[in-house]
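Two forms, one chain: they're shown below as structure tokens, one block per form, named structure 1 and structure 2.
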Structure 1
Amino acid sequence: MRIVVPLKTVPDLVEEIEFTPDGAGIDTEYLTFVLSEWDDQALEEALLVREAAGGQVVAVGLDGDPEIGQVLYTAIAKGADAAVRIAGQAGSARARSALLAAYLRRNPADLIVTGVQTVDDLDGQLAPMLAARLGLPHAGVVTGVEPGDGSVTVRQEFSGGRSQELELPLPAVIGVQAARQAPRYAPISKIRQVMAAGGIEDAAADAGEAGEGPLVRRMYAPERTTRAQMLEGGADAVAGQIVELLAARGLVKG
């Protein structure tokens, strides 16, 4: 089984995010980029499927993504059999799906496993768009994949603690919400060994009529609301202030 896992880097949200001067994008000059947490889950699930059914896991990324080389080397260190860096840059799931679909038409896969969403693209459209372009079945919000004979059984998770299992014929596209176990750790020493050995394959891009989707005209920071009110004094004084605040809002009587 050949399993392809598209990987994407996103801004590290522990850092302060600032807009570009025109307000239409994020200023990336001083940001650190890391692997999307959902793509990390997808890679782990793909490795688990490979370990159960055999085959090959191939991590792929776009060379326009910051730090994608480091991410691909790390994927190999975690257990991926190969890594491919596709020429191209995409600002939307629509354009990204076109680049990935072009690569997959030339290099078909039995199973394509993506993260269900990313922090900068929460609509979760990459997997369904990729499936539509390739004419393949798709399942999203997946929390487990079990390989079968010419098919996979996936577990989907819904709100309220409900879940269901679906059987999809291969080839198929899966959007992973969470792997069956936490993503494995790759020590720095192993990543450096992989980097020293090379091993990332470069591939040309042929997106065709990808389009960029909706144009972002302006981005806004969340509006500031009232700040926390600090209560001062001893325990009795603070308790009295709390009661007064609750009474003023109609939350207590008397």
Structure 2
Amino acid sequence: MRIVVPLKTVPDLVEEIEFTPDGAGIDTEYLTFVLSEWDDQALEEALLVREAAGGQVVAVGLDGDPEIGQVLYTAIAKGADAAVRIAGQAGSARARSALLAAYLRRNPADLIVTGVQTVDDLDGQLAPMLAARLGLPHAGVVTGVEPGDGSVTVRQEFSGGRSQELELPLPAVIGVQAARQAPRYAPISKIRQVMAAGGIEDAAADAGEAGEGPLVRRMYAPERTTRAQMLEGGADAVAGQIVELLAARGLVKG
């Protein structure tokens, strides 16, 4: 089974977000980019499927994404069989899906596994767009993929703790919410070794027309109307205030 895992980097949200002077986007100049956490889960699930069913896992990224080289080398260090860097840049999920669909038409996969969403996919999620372009069945918010004979059975989650099992014929596209186990860790030494060996393939993809997305008027930080009252002092002083707040509501035992 050939499993392709599209990976994307996103701004590290630990950092402060700055907006561009024209107010239509975020200023990425000083931002650190990291692998989207859902894509990390997708890679882990893909590796688990390969361990159960055999085949190969191919991590793919766009060369226009910041830090994508590091992400692809890390994927190899974690166990991906190959990594492909596709020429192109995508400022939207729609454009990304067009590039990846073009790559996948030339290099077909049995299973495409990616994160269910990213923190910046304002114009829609990649997995369903990719499936629609390729005419494939898909399912998102998936927390487990079991390989079968010419099919996969996935667990799809809903709010309130409900879930269901769907059987999808292959090829199919899966949007992963969480892998069955925590994403594995690749030691820095291993990643360095992989980087020294090289091994990322480059590929071209002709996306053609991607179609129109929404028109962004402005981006801005949310107003903070109900901002928390910050408790002052060291940990012990803060602890004292919290206990008082709880005690005043009769929520402290004894």
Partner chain sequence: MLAEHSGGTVSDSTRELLGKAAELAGGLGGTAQVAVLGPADLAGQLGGAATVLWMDHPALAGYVPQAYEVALAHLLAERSPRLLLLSNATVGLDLGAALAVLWDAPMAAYATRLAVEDGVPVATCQVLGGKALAEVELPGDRGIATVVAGSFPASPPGTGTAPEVVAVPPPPGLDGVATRLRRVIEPEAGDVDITAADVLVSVGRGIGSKDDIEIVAELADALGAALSASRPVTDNGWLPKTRQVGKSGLKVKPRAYLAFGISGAPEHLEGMRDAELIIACNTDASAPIFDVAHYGTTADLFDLVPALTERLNG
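Start at 1 and count along the sequence of structure 1; that gives the residue numbers used here. Keep in mind that this is a model prediction, so the values were computed, not measured. The term rigid core refers to the most C-alpha atoms you can superpose between the two forms while keeping them within 1.5 Å.
Form assignment for the chain places structure 2 as the one matching the criterion, namely the form predicted in complex with its partner chain.
Relative to the superposed core, Gly124 undergoes a C-alpha shift of no less than 2 Å between structure 1 and structure 2. With the core fitted, the CA of Gly233 sits 12.8 Å away from its counterpart between structure 1 and structure 2.
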